[in-house]
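What follows is one chain in structure tokens, specifically the form predicted on its own.
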């Protein structure tokens, strides 16, 4: 498929090490994909689902010991530990290459090596970056065909250039003691071994689009962020775009595919999804920040996805989808998961492939007793989403009006506040946090800092990453305004006060009003907070007093939070920019 000597010599070198019996190039054609699906069904790697109810949909089960991203087995290998930083696991590159070589040698004996040329971003766009993943897994091939843009046009766009991201994946023995997901930023290389789970093996996703891309962005003057991109259309037909970063379990995908409340729908408001997970951002010729979604599909968490929480995501999964580790309903050959509906199948196999009795479900032991694994997934084609943006395939991306950070805080953060400026906004992103819930392992209410929702995904030192944010602020003539939201404030009984879901649009409308200077806001020690009258609560079962409570700034809990922030900055280490400490001191002073 190519005469690119850089590509061919690297493939030869990897093949000599892994020793596959055959090498097949993936050309992006439907004929080849269909042939691979049939092959995977014949070996049991995939199960074909009911063609009438779920056309072109398949079920896959991973190994029981291989069901999620493994942060403790994920490494950033830079020449010095300082470059990787304290947040990342680090091993010196030559030492790691030696470790990996032992695991890869002969790992593809008797297997086929598939060569996947793929583009993150629309082929030919200024944003686009090309990768080649070598894998011994048909499951990986079929997922990459959904998640990225694959085919001959990618390799043609690369031409004779050496500028591509190398990715090697082998399932090997699926040995969790020797499972490694490794990034070599200086070498443009990603290596994954002994896993078959999507988050560890679809190398275009977090590995390339965030860890490697964040490093490239720092080097080249752009940003790779763990952010959804949505467009909000008003009744006049004007669309404004927002990027938003949330840690896991904070409703990111739900916001990306938000359906406006009925009152707003009748007025003509619409929300368009450009992306649900990752944004690449560059400064445009007009001085604004422009964003693309580098992905081509959604790799979403199934449990909790339903007609109420996210009807658009559910609709997206009804065709051309690969389901991983969900429950298999044998009566109609479809799938089910906890939170889909209140009708668990009576005749089913659980995510492990064992007969499942829904009456034995225990929410305190979900992994053992649930039908679907709590981290079970769907890999779905983005263009099947009912609210996909017409700008999804734009080669220029979309102009960003606002950047929104969010977390899950019971008392500390108000419903929404705006940063004072870009530098303060960077500080707000750096102190992002969520409190653990009963669903998470360990104690409830423990604060976990997850700056810009990038803690597991920054490909270099977190302090340098914050500095890159500060530097970007100096080169964007018309930067987006930066906000923070918290849908999860609770009352004395621990109940959520804000309804969330579609009603979050009411907050987004205030954010956009602020971006266009249409409304005033009151200054508080933490930033600008809305006046109650400026958040539209028509049709909501919330009065102004409750909204006042949601927008209040609890100084005492913020003062307590300061100590936690200082501890976290200490953990990040001596590369925390001085400006961040200045912002922290200023916050402490304003709080009195």
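Please read all numbers here as calculations on a predicted model, not as lab measurements. Positions refer to the first chain, counted from 1.
What follows is about the form predicted in complex with sulfopyruvate (SPV), which we do not show.
From the list 389 to 397, 283 to 291, 109 to 117, 196 to 204, the contact stretch for sulfopyruvate (SPV) in the predicted complex under a 4.5 Å heavy atom rule is 196 to 204. Proximity to sulfopyruvate (SPV) in the predicted complex, defined as a heavy atom within 4.5 Å, holds among 466, 127, 299, 483 only for 299.
Taking a 4.5 Å heavy atom cutoff to sulfopyruvate (SPV) in the predicted complex, the contact residue among 248, 234, 478, 178 is 248.
Mapping the unseen interface onto this chain, residue 169 falls outside it, with no heavy atom inside 4.5 Å of sulfopyruvate (SPV) in the predicted complex.
In the predicted complex, residue 460 stays away from sulfopyruvate (SPV), with no heavy atom inside 4.5 Å. For residue 183, no non-hydrogen atom is located within 4.5 Å of sulfopyruvate (SPV) in the predicted complex, even though that partner is not displayed. Although the partner is absent from this view, residue 136 stays clear of sulfopyruvate (SPV) in the predicted complex, with no non-hydrogen atom inside 4.5 angstroms. Looking at 522 to 536, no residue comes within 4.5 Å of sulfopyruvate (SPV) in the predicted complex, counting any heavy atom.
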